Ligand SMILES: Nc1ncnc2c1ncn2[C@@H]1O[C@H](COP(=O)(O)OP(=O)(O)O)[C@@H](O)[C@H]1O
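Consider the single chain below, provided in C-alpha cells and representing the form predicted alone.
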C-alpha cells in the first residue's frame, strides 16, 4: 500500500469513527453498548475478533465483559489476572501495546484461549480511560491481513476514547435510574416508620398500642433490609459489576438442597411440597450460588402466595439442549393484566400488595440471573388457581 492509499485508508477509518461515536453515545443499555464497541473495534482495525475487559479498582480485578465471539454472560465474568496478562500490563501502565506473538510473550495469560475459544496470533490492546482513571481494556486480535500497525493503534485509541465516555454515561444513566426508583420505593416504609415512632412518643398511647407499633417498626426495618439487599444485588447484575462464579455441578443435588431448605417452612404452613426429578440430569455449567438464589426465591414466593393446605411442585427434565425446571403452586394466582409486568423492578400485583409483604425486586433478580446463564423464564397463572414458573437453562 503506497502513501496515498494509506492516507485514504486512515481518512476512511476516521470517518467510520465519527459515525460510530454518534451511535455509541446514543446507546444507554450497557450490554448492547459493549457489543457495539467490540464489533466496531474489530471493523476499524481489520481484526478477526475483539473484546473488552472491565477493571474493578476496588477489588483490583480484571474480567471479560464483552467479545465478538463470546455469547454468554457466564464467560463475560471470567477473571484475568492483573500480574500475568497483557491486559493487566495495560491496566498497570495505562499504555497501548502491540504484540506480534502473544503466545511467546511472558505477559500472556495461558487460559485466554479457554475463554475466547480462539488461538491468538497477534494482539493490539489499548486502555479505556475516563477522568484519568482506567475502567478497562479494549483488545483486538489476529489482524486479517499482515500485522497490527501504529496507525491501527491510533484509530483504536480514537475509538477507545469515545467508548470510555459512552460506557461511563451508560453506567451513570443506569445507576441514576435505579436510584430514582429505589428512593421512590423507600417512601412507603419510611412513612410507616415515621408514623410508628410518632405514636410511640405519644403519652396517651396504651401499652398494647405501643407493642403493635414496635411490631410495625420490626416489620418495616426487615422490609428495608430486604429491599436494600435485593436492590444492591440487582444493581450489580444490571450494570455488569456482579460477576458469575462459574463451575460444573450436579443440578439434581442443587434442587434436592433447595427442597430441603424450604420443605420445613412449607410444612409449618400446611403446604405439601412435592419434588419430581429424573435420575440422570446432565451436569450444568454456571454459578451454583446464583442459581440456588433464583430457585429459592421462586420457592419462597410459592409458599408466601399459596393457600392453606396448598401444594408446591418442583420438577425438572432434560431436553437435548436445555434443562426445564418448573415451580408450580396452588396459590392466589396472578391476573392476566399483571403477568407481563411481574418481572419489572418494584412491581407488585395490586391485589396482593396489602395482604403479603414484599419488595417487588425478587423476580427482577431471578430474571437477571437466568438471563445471565443464557436461559429464559416464563410464567403461566390463573387467578385463584395457581402459578407456574418455568426456567429453561442450557446444559453441556
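Positions refer to the first chain, counted from 1. As the structure is a prediction and not an experimental result, all values here were calculated from the model.
Omitted from view is the form predicted together with this ligand, to which the following refers.
Exactly one of the stretches 345-353, 50-58, 23-31, 37-45 approaches this ligand in the predicted complex with heavy atoms within 4.5 Å, and it is 345-353. A single residue from the set 234, 302, 91, 295 has any heavy atom within 4.5 angstroms of this ligand in the predicted complex; that residue is 302.
Although the partner is absent here, residue 62 sits far enough away that none of its heavy atoms falls within 4.5 Å of this ligand in the predicted complex. Contact between residue 67 and this ligand in the predicted complex is not found at the 4.5 Å heavy atom cutoff. Mapping the unseen interface onto this chain, residue 370 falls outside it, with no heavy atom inside 4.5 Å of this ligand in the predicted complex. Applying a 4.5 Å heavy atom cutoff to this ligand in the predicted complex picks out 329, 333, 334, 342 from 317-345, in order along the sequence.
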